[in-house]
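Shown below, as structure tokens, is a lone chain in the form predicted alone; questions about how it binds or moves come after it.
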């Protein structure tokens, strides 16, 4: 049974039908791959007329890719560790993805989420360093909370921010635990468990430090019609 077109490249087998099947091309996870492998996989995507998204690519490997495809105006964000090469514009979305980041130390994961959502076609607006240690900072982002169609909320430490945000809005919230925190944070496990055990409905949780997964899901939601985000009314009773 044939499941679709693939490119067999020796060390890698690239799914070239994913664009048609899922509406988004296969992403390239670069951690553990050599620069040569990354370039070969990227070239196969571009040859098939598909945009290329490279995640978890460090600066040294990025230099090789940027040099190889300099004629295609590649975009690289060193903090997000993401690189994009486009052969055509992504389909635009009607809504906005909001990325809310608890602390400045969580920014690499938040920037990865924002980069990936933008790559797939979403308009993204961000707010950083608005964690629960100073709740007034989050409340100062009311405009973004009101207008976003979906929110990505990134937090380490005890991972409380998604629950607070989820209690204020009616749109989907994607919680992203990070490995940032002192010893009992357990490299993100504490934040992950906190987010998984939230009592707030409408919150989904991705894996620790998984900004890519959050950005992908947010764009999927943003591509659906009929979803809006509004804060709960002050007259609502519980």
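Numbering follows the first chain given and starts at 1. Just so it is clear, the structure is predicted and the values come from calculations on it, not from any experiment.
Omitted here: the form predicted together with a further copy of the same chain. The next part is about that form.
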Among the candidates 46, 62, 206, 39, the residue which, in the model of the complex, approaches a further copy of the same chain to within 4.5 Å (heavy atoms): 206
Do residue 157 and a further copy of the same chain come within 4.5 Å of each other in the model of the complex, heavy atoms counted? yes
Report yes if any heavy atom of residue 118 sits within 4.5 Å of a heavy atom of a further copy of the same chain in the model of the complex; otherwise report no. no
Close approach of residue 170 to a further copy of the same chain in the model of the complex, 4.5 Å, heavy atom: yes
So, residue 202 and a further copy of the same chain: in the model of the complex, are they within 4.5 Å at any heavy atom pair? yes
Residues of stretch 179 to 211 in contact with a further copy of the same chain in the model of the complex (4.5 Å, non-hydrogen atom): 182, 183, 184, 185, 186, 189, 190, 192, 193, 194, 196, 197, 198, 199, 200, 201, 202, 203, 204, 205, 206, 207, 208, 209, 210
